[in-house]
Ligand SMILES: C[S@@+](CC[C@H](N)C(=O)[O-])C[C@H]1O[C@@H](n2cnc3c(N)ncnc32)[C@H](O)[C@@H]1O
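Quick setup: one chain, the form predicted on its own, written in structure tokens, and binding and motion questions come after.
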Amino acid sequence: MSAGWTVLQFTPPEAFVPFAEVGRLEPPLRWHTFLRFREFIYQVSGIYIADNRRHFLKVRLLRRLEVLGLSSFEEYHAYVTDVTPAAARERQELLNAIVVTDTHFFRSPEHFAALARHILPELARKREQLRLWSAGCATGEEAYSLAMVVHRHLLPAYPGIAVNIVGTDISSEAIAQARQGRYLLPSLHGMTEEYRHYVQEHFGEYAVVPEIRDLVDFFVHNLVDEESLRSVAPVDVLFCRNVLLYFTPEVRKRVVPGLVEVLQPGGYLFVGEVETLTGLTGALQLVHFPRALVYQKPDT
């Protein structure tokens, strides 16, 4: 994988096209077709494409028209909404095209400090096995950050504890890259020297070391699929950060109770710094850590 190719995975393709020219690209994405795509994407993923994101959607889907040899967005809509196996596969490609996976290691470092210094020791004193879930893990940096914290702080103090870490995302392309565990330097800008030995440089890329990769399993998962969410094994720590903000209030009201249900009593749920669960659930209490607020499910 070349360095140039990897950079493009993190750069929205519309950034290479002047905004004023997007609307002139052929074929046109007519307003009524945009609305049909928006409703379909919302139904299958819970992601809502705002009115001002029409050009974003057009540029993202143009690649799929080229791949399939289609001449209009109307043709593509008919193709992707069909009931054939090919349409089902293409629905995953559509989601891959619209999901933005820009992230880096140890995003919001205060969350990881609270995890290392307070939450993991507290849980380890009570349990022989811990399960951590990074929901909406994108290309895997968050899940691997969890593994590094576990390896650096938890396992030396509690060598007999069993730990399972899972990373999931709706994008199969993101999950494929996460499994490779190879990143460019921008992904490392949030990583302190304490953790830098967990990645090794190879010709301009940085590979996560095997002992960290072995701690994490990655899967494609759709949080809006209620049946799929109910199938998730109970977890002690759940990171679902900067995911809910892509959902409408109605979808959040469906997803959050499912997240609460999968959380073990006494477990912790991390959301993004600009996100709140106010009005979405009364089953969690807000716990204050130094420079970090985390939701906890009370012990019963």
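Because the structure is predicted, anything quoted here is derived from the model rather than measured. One rule holds for the numbers: they count along the sequence shown, beginning at 1.
The same protein also has a form predicted together with the named molecule, omitted here; what follows describes it.
Inset, instruction - Using heavy atoms only and a 4.5 Å cut-off, determine which of Leu215, Val99, Ala114, Val199 is in contact with the named molecule in the model of the complex. - result: Partner contact (heavy atom, 4.5 Å) among the options: Val99.
Legend entry - Proximity to the named molecule in the model of the complex, single hit among Leu29, Leu61, Val262, Ile47 (heavy atom within 4.5 Å): Of Leu29, Leu61, Val262, Ile47, the residue with a heavy atom within 4.5 Å of the named molecule in the model of the complex is Ile47.
Legend entry - One stretch from 243 to 251, 65 to 73, 29 to 37, 228 to 236 that, in the model of the complex, holds residues within 4.5 Å of the named molecule by heavy atom: So the stretch in question is 243 to 251.
Inset, instruction - Give a yes/no on whether Ala147 approaches the named molecule to within 4.5 Å in the model of the complex, heavy atoms considered. - result: Contact with the named molecule, no.
Inset, instruction - May I ask you to state whether Asn222 is within 4.5 Å of the named molecule in the model of the complex, using heavy atom distances? - result: Residue-level check for Asn222: yes, a contact with the named molecule.
Legend entry - Gln177: touches the named molecule in the model of the complex, heavy atom cutoff 4.5 angstroms: Result no; Gln177 lies far from the named molecule in the model of the complex.
Inset, instruction - Give a yes/no on whether Leu120 approaches the named molecule to within 4.5 Å in the model of the complex, heavy atoms considered. - result: No, Leu120 stays farther than 4.5 Å from the named molecule in the model of the complex.
Inset, instruction - Give, in sequence order, every residue of 151 to 176 that has a heavy atom within 4.5 Å of the named molecule in the model of the complex, or say none if there are no such residues. - result: Stretch hits, in order: Asp169, Ile170, Ser171.
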